[in-house]
Ligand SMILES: N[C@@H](CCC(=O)N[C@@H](CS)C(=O)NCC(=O)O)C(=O)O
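To begin, one chain is listed below as structure tokens, in the form predicted on its own.
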């Protein structure tokens, strides 16, 4: 049994895509921001009081890259776990660490002022992070194994959203990578499910 706690205006959209790629039945529990995410019952699952959270046969997994990796390993027949696990884990953690931190910090207007500050951040700068990811994708169509894996769900989502909202500097390599991922039926189905849950515009 898979139970997916989410909100359509959250990083849960990445997990929804992964669940659609897995193709197993799952229950969706939509939580509003505020009190519903801070209720005692939900805090017992996710002490951070945020979404997404996945519960699979009693096992609780939080954090998007962890959920995507867990699902890839829990359902190996789906072929979403890379055989080249070194490359897979390298770039999954790159997305969860340097890329996420650089995007968020830059969007809040914070940038290192000196080389010493840049060194302390662990990622240097958004430009350095983007250049590293771009360099990898200039040589590889996908993150690992030369094919689509769970790493592309996570990194691809970050690239797609980042270019859309201009939080990641767009370039031809990243645009071509995202163009390879966009037509996937599971991504389209996931987006449609989440879009249907969005509150009506006023």
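Note that the coordinates shown come from a computational prediction; the quantities given were computed from them, not determined experimentally. Positions refer to the first chain, counted from 1.
The protein also exists as the form predicted together with the ligand; that form is not presented, and the subsequent description refers to it.
This chain lacks the partner; the member of 137, 55, 37, 168 within 4.5 angstroms of the ligand in the predicted bound form by a non-hydrogen atom is 37. Proximity to the ligand in the predicted bound form, defined as a heavy atom within 4.5 Å, singles out one entry of 51, 133, 159, 150, which is 51. Segments offered: 8-16, 174-182, 187-195, 21-29. Contacting the ligand in the predicted bound form at heavy atom distances within 4.5 Å is 8-16. Among residues of the shown chain, residue 63 is one whose heavy atoms approach the ligand to within 4.5 Å in the predicted bound form.
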